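In C-alpha cells, one chain follows: the form predicted alone.
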C-alpha cells in the first residue's frame, strides 16, 4: 500500500492537470495509495493558522473533533462554555474557507470525480492523539476502516483530505493490508458462519447476512453495505489479535504537508500528532475509474447480491 509523494512542481504553474493525469491520480487512490503532498498545495492564510493554533479545548468524551457542516454552514463539537460568540463565528468562517479551498482544488486534481461527490464534514483536530482516552469504538489509535454510525453512505466512498498544521511535529499513522485482504481475513471462505466466537466471527456473520438483511435502523436508512462496514470498523478495533499481529507500516506526515486517502478501504490508525485539518467527500462509487475496486463492488462479488 504505497505512499505516493506528489511534489508541488508536478502541479505545473497552477494549471489544472490533464484528464489523463487526473485519472491516474484517481486510480492510485482507488488502488489503496495515499497521495502525499510534502508541502501542501493549500497553504492556510496566516491569520487563520494563528487562530487555529491558539485554540485550546479541553478533551471531551463527547466530541473527537470540531466539525463544520458545509451544507448547513454550521459547527458542532465546540465546548460552548469555553468560547465566545465572536470566536464561534471566526471558527465557522475559517472552516468555511478551508472546506471551499479543498473542494475547489480537488475539482481539478481529481477531475473524473467532479460533480460526482457530496461535500461532507470538514474537521479541526486540536487534540494530542497520543494517549487520548476515548471509548474503544471511537479510538483513533486502533487500526480501522472508516464508517459513519449516523451518516450511512449507501455505497459511496469516503475520501479524506488531511493537512498537518502543527508547526514542528509530524502526524504519525500506521497502516496495514488493504480492503480485499482485510475482508478475506475477517470473513474467510467458504460460508457458512464459523463456530468461533469473538470480533472476527461477528464480522463474518455481518457479511453472511448481507444477502438477507431487509430491515434498517429507524431513521438511519442503513443498507446492508452500511451495516457491514460499521461492523467491520468495530470488529477491527475489538480484535486485539489483529491489532497486535497484523502487518504494519508506519507513516509520518511532515508539518505543513497534506495527504488524501480512501479511508473506507485503507486501514489506518493515528498514533501521535496535534492540530490537523480534514475535509471529507463522499464519492459516488460509479465515478471510480476502476469500479471493481470500490468496497461495495468487492462485497457484491463475495455475496453475489446487491448490498447498497
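Numbering follows the first chain given and starts at 1. Because the structure is a prediction, the values reported are computed rather than measured.
Below: the form predicted together with succinic acid, not depicted.
J.: Do residue 146 and succinic acid share at least one heavy atom pair within 4.5 Å in the model of the complex?
T.: Residue 146: yes, in contact with succinic acid in the model of the complex.
J.: At the 4.5 Å heavy atom threshold, is residue 268 in contact with succinic acid in the model of the complex?
T.: Within the cut-off, so yes.
J.: Any chance residue 140 has a heavy atom within 4.5 Å of succinic acid in the model of the complex?
T.: Residue 140 belongs to the contact set for succinic acid.
J.: Given that succinic acid is not shown alongside this chain, does residue 231 nevertheless sit within 4.5 Å of it in the model of the complex, heavy atom to heavy atom?
T.: Residue-level check for residue 231: no, no contact with succinic acid.
J.: Just one stretch in 108-116, 91-99, 160-168, 67-75 has heavy atoms within 4.5 Å of succinic acid in the model of the complex, so which one is it?
T.: Going by heavy atoms within 4.5 Å, the stretch is 160-168.
J.: For 88-120: residues with a non-hydrogen atom within 4.5 angstroms of succinic acid in the model of the complex?
T.: Heavy-atom contacts to succinic acid in the model of the complex: nothing from 88-120.
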